[in-house]
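Shown below, as structure tokens, is a lone chain in the form predicted alone; questions about how it binds or moves come after it.
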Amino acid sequence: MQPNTPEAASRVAAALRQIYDRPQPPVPWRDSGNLPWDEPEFSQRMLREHLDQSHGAASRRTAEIRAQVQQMVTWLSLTPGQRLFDVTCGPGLYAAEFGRRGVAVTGVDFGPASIAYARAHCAGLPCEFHLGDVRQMDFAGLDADAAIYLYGQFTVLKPAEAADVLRRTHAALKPGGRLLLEVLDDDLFDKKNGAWWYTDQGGLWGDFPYLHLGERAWDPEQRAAVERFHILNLETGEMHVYGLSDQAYTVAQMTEMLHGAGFGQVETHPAWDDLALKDAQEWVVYVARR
């Protein structure tokens, strides 16, 4: 596909030069922020990915979510009438399953489309949702019986931010409350450098034909990976650059961080204790008591 105007062709040339001049190697969090979850258009496209049952890239499929919820109810000792704090709740898919079991849910998420969907999806259930950045949330005194923080969302935060979010979550729990945290297994964390490209139209990156140029780099000093995505609009020549950093944690590091946030006893459940999830082996689940 050819750019359709001389101006578009000029923008393509500038975009390619920008790619050529990009900082190498990229440094986690310096050369990539987080994905723009809070931008309305991006949030709407992300919501479509959450609801797409053909893959589990944004949210797991419904059958897996239900299996996880059943396991989490057991690990967190949740009973009807108790309250759950859902950190990065997304479109309320987990909240709805807990709500149907009589558990009240308070959810917080950065994506406006996800929060709007969660409110509609959970109408009539004991669920409430708040639009906000978990790095700035203040739910101290919520007196939740338990909290969940799922699907590796915790590790996209800088370590200092992650430690602070754990403290904020601790403050939202009543004494004896439990936090369930899902973190990538350090032994299976992708610590290789790589690059890829493809062309597409629609999906997460935009409703136009585009060239996707992606790269991943591992920083051994920070023990973090950084991904950058250059999305080149093949009609207009415009380019959007997105980034995502991901921190690796060993079980010892994660346990120490939980203790530092005020949690006491910490249990670990590698691979979800062999729960029937497609990606179960990639995860370690921590259950920490306040």
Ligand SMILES: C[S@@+](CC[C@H](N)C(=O)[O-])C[C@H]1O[C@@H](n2cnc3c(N)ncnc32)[C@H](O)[C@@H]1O
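For clarity, every value in this text was computed on a predicted model and none was experimentally measured. Just count from 1 along the sequence shown to find any residue number.
If you look for the form predicted in complex with the ligand, you will not find it shown, but the lines that follow are about it.
D164 falls outside the set of residues with a heavy atom inside 4.5 Å of the ligand in the predicted complex. For A104, no non-hydrogen atom is located within 4.5 Å of the ligand in the predicted complex, even though that partner is not displayed. Under a 4.5 angstroms non-hydrogen atom cutoff, the ligand in the predicted complex lacks C122 among its neighbouring residues. The shortest heavy atom separation between G132 and the ligand in the predicted complex is within 4.5 Å. N34 is the sole member of Q222, N233, T255, N34 with a non-hydrogen atom lying within 4.5 angstroms of the ligand in the predicted complex. Checked against the ligand in the predicted complex, the residues Q71, Q82, T155, T88 give one hit for a heavy atom within 4.5 Å, which is T88. Comment: 109-117 is the region of 188-196, 202-210, 109-117, 170-178 lying near the ligand in the predicted complex, near meaning a non-hydrogen atom within 4.5 Å. When contacts are defined as a non-hydrogen atom within 4.5 Å, all of S59, Y94 and Y151 contact the ligand in the predicted complex.
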